[in-house]
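Given as structure tokens, the chain that follows is alone and in the form predicted alone.
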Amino acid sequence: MKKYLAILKMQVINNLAYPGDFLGRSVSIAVFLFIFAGLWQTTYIIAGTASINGLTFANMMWYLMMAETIELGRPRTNRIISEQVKNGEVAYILSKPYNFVLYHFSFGLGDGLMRIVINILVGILVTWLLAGPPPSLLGWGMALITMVGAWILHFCMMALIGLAAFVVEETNSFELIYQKFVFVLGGMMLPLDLFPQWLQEIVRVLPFPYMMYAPARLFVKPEFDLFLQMLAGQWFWVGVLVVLLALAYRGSEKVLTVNGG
């Protein structure tokens, strides 16, 4: 594991060398939160209520802060693999004495840690100003634990999409489709609590809620039973996607055509 830890450490150091780049990107979470604050404040005023399906305006803003943090911190592994296939760099990486998928996992984690930390700091500052103090420490604990599973699920999906580049080279269209599923069925734009009950039951058997809704919902309303349910769902889907990723990697190596240098 030392070589993968070294890759992770090297990526963190590289990112620390350019703090301005990450601070600039974090502006987007502030913009999103200001827009959401205006939209949801108007929604609660028009509805004439302080709570919608058990979620207050403050709950909604902190939920969206956590969801945006996860979205902006997820790995862009598919884009990196696609570019490596197109420029021929993939041949160089595959010849090295480490696993191709674990290399990208370590690289993505080193990159994602910086994004998540900075986005959380900026998100807390903006949301505190807009909606008041953050949730309880219990909510923080449950959210951080489930964020681990959420990030791994995101990585598995992005790596699966990235391996498609071994066949089709360009994977942006697949990422766009995946992103829309997460936005709608993962609870990115709306918490699942606002969905009809029949739709909630269908969505919960899919992997998407465990990538976004789980940590964000537990952050604002920590419930021990829901925490166990979300953890079980996350790691079930991690197991499924890891198996699919291993099979996809073995198959994709056989059909890879290297271009470029």
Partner chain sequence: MKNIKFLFALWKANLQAALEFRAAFLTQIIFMMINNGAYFMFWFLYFDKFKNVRGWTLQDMMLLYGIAATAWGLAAYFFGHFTTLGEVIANGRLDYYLSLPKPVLLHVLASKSLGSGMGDVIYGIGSFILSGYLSWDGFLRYVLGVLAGVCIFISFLTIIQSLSFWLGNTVALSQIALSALLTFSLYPSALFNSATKFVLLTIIPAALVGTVPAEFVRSFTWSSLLQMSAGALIFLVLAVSMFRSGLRRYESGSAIQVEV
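Residue numbers count along the first chain shown, from 1. Keep in mind the model is a prediction, meaning the values are calculated, not measured.
Another form exists, predicted together with its partner chain; not displayed. Remarks below refer to it.
Peer 1: Of these, 138 to 146, 178 to 186, 108 to 116, 86 to 94, which stretch puts a heavy atom within 4.5 angstroms of its partner chain in the predicted complex?
Peer 2: Comparing against its partner chain in the predicted complex, the contact stretch is 178 to 186.
Peer 1: If the cut-off is 4.5 angstroms on heavy atoms, which of these, Ala50, Val31, Ile202, Leu228, is the one near its partner chain in the predicted complex?
Peer 2: None of the other options qualify; the answer is Val31.
Peer 1: Can we say Asn99, Leu102 and Gly239 each have a non-hydrogen atom within 4.5 Å of its partner chain in the predicted complex?
Peer 2: Checked in the predicted complex: no contact with its partner chain for any of the three.
Peer 1: Consider Leu190 of the chain shown here, and say whether it contacts its partner chain in the predicted complex, taking contact as heavy atoms within 4.5 Å.
Peer 2: Yes, Leu190 lies within 4.5 Å of its partner chain in the predicted complex.
Peer 1: With the partner left out of view, is Leu194 within 4.5 angstroms of its partner chain in the predicted complex by any non-hydrogen atom?
Peer 2: Leu194 belongs to the contact set for its partner chain.
Peer 1: Even though its partner chain is not shown here, does Ile35 get within 4.5 Å of it in the predicted complex, heavy atoms only?
Peer 2: Yes.
Peer 1: Mark Phe155 yes when one of its heavy atoms lies within 4.5 Å of a heavy atom of its partner chain in the predicted complex, and no otherwise.
Peer 2: It does not: once its partner chain is placed as it appears in the predicted complex, Phe155 has no heavy atom within 4.5 Å of it.
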